[in-house]
Structure formats: structure tokens, C-alpha cells
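Given as C-alpha cells, the chain that follows is alone and in the form predicted on its own.
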Amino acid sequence: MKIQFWGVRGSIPSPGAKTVRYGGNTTCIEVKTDSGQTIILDAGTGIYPLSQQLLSVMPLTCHIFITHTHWDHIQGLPFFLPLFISGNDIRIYGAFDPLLQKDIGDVLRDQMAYSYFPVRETELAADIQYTSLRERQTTEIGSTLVTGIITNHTALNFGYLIESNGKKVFFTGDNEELFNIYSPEDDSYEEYNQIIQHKNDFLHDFIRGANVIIADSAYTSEEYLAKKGWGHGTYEYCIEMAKKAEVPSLYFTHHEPLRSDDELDRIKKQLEARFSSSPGTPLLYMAYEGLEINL
């Protein structure tokens, strides 16, 4: 299995001199299985450069799994060039939107209405099929299995576990640490703590056995104090999640858009200094555009 990052930035594309090494495109990850299947996680602006590379392998069959439909995870999709070419087979998966009461296909078609984009979805030449997924529903792509689990975000977000040829990778999508909404003096405080513990155990059990976690780590713990409830994780939380799930490698992604390359370098060094001697700490990596993981 080969994993390649095409977009590692959160919220909004961030091109410029200060982000040139890690990249400024929003979330997109390509997974190429040993048997040649192409799986794409999210369709942020990083899917556009990926699509240019895929032009060399037409006709194309690929499977795009959308974690959720916030702009930074879908806005590159109308620019995914294989959609415009006859003979390509594009399968798109994601959650039913409980707020809009629409399936994944309807939500994605909306961003290609003339109000937002000059080409309607009905004018695209590829064969496009949409599938709305339920939690823990497994999609079989040849011998590869892809299963989603709901993580904690402001929209319904699936983290995806991909299992192929004995290897596993888990991508959180956007994910914030669960926190108690009650004060310690409230009657419901302890009960809510138990609910959080149950959900955390459920997530860790789901991930356990993965070779790699790719995790939303938008904030430092200090920054998080002002952004609690925005639906994004911290570096420290992601390390704790990987430790509890006993996963050996952790890749930080969804970098905060104002974060410069030098800041990311500095944060990584600080985290390694703080956690490297702590038992169970995974190997830590900062994801950057073009980075490949071979499992």
C-alpha cells in the first residue's frame, strides 16, 4: 500500500513563501493498494494536482471517500479533471447529511450549480456513482476494505479505516477530543464522563491494529483554549489517541492555515522532546505535500 499526501492544510488554501515546503492545498490523500486500486480520501484543493497526475492513467477507476462536506474537504472536486473525461469510472462515498436531509450525491451536486461553478454535474462525461454510507458500513473494493466511524466534528464526519493486503491505515478526517459539557458540580457530569470514556474506547478499539494514523492536529494545546468546540484536534490529543490505540506511526495533518513551515518544524521538535521518552509514543511525522508512506 502506498499513501501520498496531496493536501495537508486545514480550513483554507494557504499558498505563499511561508508554506512552500509543507504545502498550501487543503486535504487530499491518495491510497494506492498493492492490487492497483486508487482510493482518494477527501477532495480538498489537493485533488487538483492529483488529478493532473491521474491523466496519465486514463481510463481511470477510482474511489473517493469524503469525510465530511465542509469546503476544505470538497472544494477541489469540481476541478477533478477525470470527471470531465468519458470512460472514467468515479465512485464517491460519504455520509448522509442529517442537517440538510440530503445524501452525499445531492450535497456535492449543489456545489456545481451555476451559482457556484460554470459546469453542472450533469454535463460531466465520466460515469459517476454516489453511495451514502452508514457508520461502520464496510465498502469492499476488490480485496480492500474501507470502513467509516463517526468522529467528533461540527458536521457528521467519518474517519476511515483502510485495510488491504494485511496493512491498515486510519484517517480521522476532522476530529476534536471529546470534552464534558457539564461542570463538575452538575448531576450529569459523571454520567457524561462515562459516555466519553465509552466513545473513546470504541474509537481506540476500532483503530487498534492499524500501522498508521493520519490525524487532524490543527492546534497546539495552548491555541486550543480559544478554539474549543471548533471540531479540531491538538497534537497532544492525537499522540494520546495513537498511544491508546497502540499504533506505531502518527502523521499530523490539517495544518492550521496560518502555520508557517518553520513553525511546523519547531512544533515537531518540541513534541519529540516532550514525548519521545514516554512509553508507547508513536513515531511522529508532519505531513507535507508529496510525502509518501509505503506499507
Partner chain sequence: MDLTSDINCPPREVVDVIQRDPVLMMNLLKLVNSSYFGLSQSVTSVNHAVVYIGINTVKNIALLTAALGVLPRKNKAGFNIDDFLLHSLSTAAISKTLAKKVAVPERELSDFFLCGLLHDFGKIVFTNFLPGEYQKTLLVAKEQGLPLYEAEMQVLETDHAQVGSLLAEKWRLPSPVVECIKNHHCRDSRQQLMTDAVFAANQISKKTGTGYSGDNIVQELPDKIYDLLGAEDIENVILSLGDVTATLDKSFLRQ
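Numbering follows the first chain given and starts at 1. No experiment lies behind these values; they were computed from the predicted model shown.
The same protein also has a form predicted in complex with the partner chain, omitted here; what follows describes it.
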- Query: Any of the heavy atoms of V119 lying within 4.5 Å of the partner chain in the model of the complex?
  - Reply: no
- Task: Mark L83 yes when one of its heavy atoms lies within 4.5 Å of a heavy atom of the partner chain in the model of the complex, and no otherwise.
- Result: no
- Query: Heavy atoms within 4.5 Å of the partner chain in the model of the complex: does D187 have any?
  - Reply: yes
- Item | 4.5 angstroms heavy atom contact with the partner chain in the model of the complex for A126 | no
- Message: I need to confirm a contact call. Of Q75, N211, N152, T139, which residue comes within 4.5 Å of the partner chain in the model of the complex, counting heavy atoms only?
- Response: N152
- Single option in E223, E191, D205, D106 placed near the partner chain in the model of the complex, where near means a heavy atom within 4.5 Å: E191
- the partner chain in the model of the complex: contacting segment from 176-184, 109-117, 163-171, 214-222, heavy atom within 4.5 Å: 176-184
- Query: Since the partner is left out here, which residues of 112-136 would have a heavy atom within 4.5 Å of the partner chain in the model of the complex?
  - Reply: L133, R134, E135
